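First, one chain by itself in structure tokens, the form predicted alone.
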């Protein structure tokens, strides 16, 4: 008898497909909030209080009231259907924690780059990273109160994105808004995967 293998009972429902998604973006853009808003389980967070150690390193411009920061990752889970479960990994936003990105990115089907129009340039490191890896991503503009609103095509142009890369509005505090962003990413990632499969077959 093979004690190293666990057999599923006959007639048992198939296990759902697990999909890994990264939530990226600049410091203080709302990644932890987004994961917490949509996760059906209590999200795992690795936040630490900002201290004098980060003075001159962490840019607090536009987020002066922020008192904590993610130092490793945020983790959450959402079930979209009986056969589809998403696992969300929120990346740290500061440059000094970039060394964990490669580990977090392993096996990810795609990424959400969360954007704040007040600090749009903070998106560029994330966008460059995913473009370099060939990882599908969408840009989700987090609608902060009091921030100037721009047309989505203006955001796309400012970030110099490929015209096919989806840019959407969202409220990182609202579960349904975040779900729509994730669905947009899944549809885009599946579209790219099919296009690549066809290109390889030609």
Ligand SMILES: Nc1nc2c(ncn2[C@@H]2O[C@H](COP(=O)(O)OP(=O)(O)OP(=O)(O)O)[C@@H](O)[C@H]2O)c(=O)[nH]1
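Positions refer to the first chain, counted from 1. Because the structure is predicted, anything quoted here is derived from the model rather than measured.
There is another form of this protein, the form predicted together with the ligand, and it is not shown here; the text below is about that form.
Proximity of residue 33 to the ligand in the predicted bound form falls within the 4.5 Å heavy atom cutoff. At a distance threshold of 4.5 angstroms between non-hydrogen atoms, residue 162 is out of contact with the ligand in the predicted bound form. With a 4.5 Å cutoff on heavy atoms, residue 172 counts as touching the ligand in the predicted bound form.
Taking the partner from the other structure, the ligand in the predicted bound form has no heavy atom within 4.5 Å of any heavy atom of residue 39. Residues of 119-145 lying near the ligand in the predicted bound form, listed in sequence order, are 142, 143, 144, 145, the criterion being any heavy atom within 4.5 Å.
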